[in-house]
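Okay, so here's just one chain, in structure tokens, the form predicted alone.
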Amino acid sequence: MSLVFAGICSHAPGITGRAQMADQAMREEFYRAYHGMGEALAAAQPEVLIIVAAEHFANFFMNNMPAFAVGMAGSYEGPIEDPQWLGIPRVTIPGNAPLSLRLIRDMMQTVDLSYAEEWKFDHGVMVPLSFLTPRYDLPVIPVNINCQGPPLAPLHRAWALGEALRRAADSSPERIALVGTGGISHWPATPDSGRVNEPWDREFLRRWQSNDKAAMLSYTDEGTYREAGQGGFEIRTLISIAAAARGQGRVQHYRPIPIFAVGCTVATMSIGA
């Protein structure tokens, strides 16, 4: 088979952990879009969900920081954070170890990967799953891109990762869904937390929707840090989805919600040839 679904979404912990502090109308509009993405995902009838996220020093640290890592466990547990703080109960999520192994072997033909048989999911995975697969019954394969500890992989390598994901998916008989999670602009754990650069976000989404590779890869880390904060480095996860899907995107929701400390994004992309 190949990819049957592709999308991107925000994963900030405040989305669930500070839900009651947000404007109710804005929160419910965002939640409806997020749940709608979950319905579209279910309608595609995937057998597995590959979720490309940016991990937050939960499993990987500066003593061992892979640029790209893929999980190959039979199951995963999350959240690694306090469930009460995050607003998500701790659960066990099924994996698919044989498929992970096949995908890793295929992707390694063009992309250098690390892999892990043990992985605790943090909010970068758990917040999206709580909306997209609330029963936690769809097998998940996590893919992490280092967006935290410089030196970061160049954007063209994130694009290459997406291409490798697509090639591996095309060679697999399973129906595969692909979701990338990240920012866009945000300044987590800093005095600027809650700041969102809406024009910057909307311009990135315009480039993403049109799948303009050259425009997406033209960002520099220096410029992103200045205009979108250290959280803006997570555009790598979103770029990888565009590379894999090869289609055109549609934004179902974008709105800055400062108490969630991020521009809240839900978008999908058609699957191109």
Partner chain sequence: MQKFLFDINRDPELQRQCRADLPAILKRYELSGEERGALEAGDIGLIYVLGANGQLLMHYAAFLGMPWADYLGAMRSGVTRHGPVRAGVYSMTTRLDEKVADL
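Here the structure is a predicted model, which is why all the values come from computation and not from measurement. Positions refer to the first chain, counted from 1.
The discussion below concerns the form predicted together with its partner chain, not included here.
Item checked: 4.5 Å heavy atom contact, Asp106 and its partner chain in the predicted complex -> No, Asp106 is distant from the partner.
Notebook entry, point to check: So in the predicted complex, does any heavy atom of Arg255 sit within 4.5 Å of its partner chain?
Noted result: No, Arg255 sits far enough from its partner chain in the predicted complex that none of its heavy atoms falls within 4.5 Å.
Next item on the list: Determine whether any heavy atom of Ile259 comes within 4.5 Å of a heavy atom of its partner chain in the predicted complex, and answer yes or no.
Entry: Output for Ile259 is yes: heavy atoms within 4.5 Å of its partner chain.
Next item on the list: Tell me, yes or no, whether Pro151 is in contact with its partner chain in the predicted complex, where a contact means a heavy atom of each within 4.5 Å.
Entry: Output for Pro151 is no: heavy atoms all beyond 4.5 Å of its partner chain.
Notebook entry, point to check: Check Gly71, Gly74 and Asp170: does every one of them have a heavy atom within 4.5 Å of its partner chain in the predicted complex?
Noted result: Spot residues vs its partner chain: no contact at all.
Item checked: Stretch from 56-64, 239-247, 43-51, 30-38 whose residues place a heavy atom within 4.5 Å of its partner chain in the predicted complex -> Of the options, only 56-64 has residues within 4.5 Å of the partner.
Note to self: Under a 4.5 angstroms heavy atom criterion, identify the one residue in Leu138, Leu113, Ile80, Ala160 near its partner chain in the predicted complex.
What the structure shows: Contact with its partner chain in the predicted complex is made by Ile80 alone.
Check: Along 189-218, which positions have a non-hydrogen atom within 4.5 Å of its partner chain in the predicted complex?
Finding: If the 4.5 Å heavy-atom criterion is applied to its partner chain in the predicted complex, 189-218 yields Ala189, Thr190, Pro191, Asp192, Ser193, Gly194, Arg195.
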